[in-house]
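Only one chain is given next, in structure tokens, and it is the form predicted alone.
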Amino acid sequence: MSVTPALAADLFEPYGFEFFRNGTVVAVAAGALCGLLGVFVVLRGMSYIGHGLSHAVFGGAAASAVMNFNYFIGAGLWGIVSGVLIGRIARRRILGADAAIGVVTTASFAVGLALLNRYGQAKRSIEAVLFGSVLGVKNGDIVAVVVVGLLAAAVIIVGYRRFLFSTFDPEVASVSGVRVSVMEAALMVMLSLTILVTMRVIGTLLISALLVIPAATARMLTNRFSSMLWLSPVIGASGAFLGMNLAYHTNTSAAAMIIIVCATAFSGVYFASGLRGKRRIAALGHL
């Protein structure tokens, strides 16, 4: 029994540091936000979009660091331009959406790498974008993640039925009067903003995992769209909270540990959910 107070002291030790408290707040908010938008990413079969946009924004982040320009403005504009280019190329039907994403995002990523190699003073900032620096977040990062999270939640609540219809049957939705192109544009903007504000928390190389894993886990647990919209953010936020604490006590990367925790939860649900859950995941490939 005497061990309990000591154990409790060890568990709560990191919360005595302001950097850890701030990091935990922004990580939990980022996990919830990515979990929310990840529902649409998974159900629409857009996993490569999240991965690609995060790499595209890397070019803007590199340029912003080199020119000492505001990260959110520079990387944000770059991400919007990349999204517009992807949409225009895909709509021409000369190339498929996956090819369009590959061309634009790899080119943007290559520009970022070139800037990184050319201007060594940007190396520290770019490494934070690549691998995440959740324990080095500033108040502005916390505000940005929370604001985008509230904005995304408000947009989804207001347009719930239209998002539902356009996600599962866009052709019928269009015939029924739903402006599917507007809903898709709104989703792309929210996704771009989500990637923008969470990149410095999780990192470019891991953010697509946080967009996909919580939503995929939620998909195995429920068939209902409305249930996924709250279950996926809960999984993402819980994984971020537990990952932050484990990272501190094991002295490992916080971003990597968050993804490991989420992936472990996915694996556990996958093997425990039986044939029905596995069929739900398999069905995602045909959406």
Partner chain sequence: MILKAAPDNLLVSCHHLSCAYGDNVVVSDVTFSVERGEFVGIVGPSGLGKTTLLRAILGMVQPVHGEVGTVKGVRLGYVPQVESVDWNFPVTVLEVMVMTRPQRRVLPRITLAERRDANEMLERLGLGGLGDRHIRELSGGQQQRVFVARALFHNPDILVLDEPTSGVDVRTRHEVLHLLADLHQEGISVLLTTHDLNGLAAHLPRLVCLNREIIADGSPREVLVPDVLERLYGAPMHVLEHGGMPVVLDHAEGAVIKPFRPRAV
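Positions refer to the first chain, counted from 1. Being a predicted model, the structure only gives us computed values, none of them experimental.
Although it is not shown, the form predicted in complex with the partner chain is what the next lines describe.
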Review point. Going by heavy atoms within 4.5 Å, which of 136 to 144, 104 to 112, 160 to 168, 190 to 198 lines up against the partner chain in the model of the complex?
Key: 160 to 168
Point to revise | Close approach of A185 to the partner chain in the model of the complex, 4.5 Å, heavy atom | key: no
Point to revise | 4.5 Å heavy atom contact, L43 and the partner chain in the model of the complex | key: yes
Exercise for review: Find out whether any non-hydrogen atom of L151 is located within 4.5 angstroms of the partner chain in the model of the complex, and reply yes or no.
Suggested key: no
Review point. Is M228 a contact residue for the partner chain in the model of the complex, using a 4.5 Å heavy atom cut-off?
Key: yes
Point to revise | Heavy atom distance at most 4.5 Å to the partner chain in the model of the complex, all of V172, V175 and R224 | key: yes
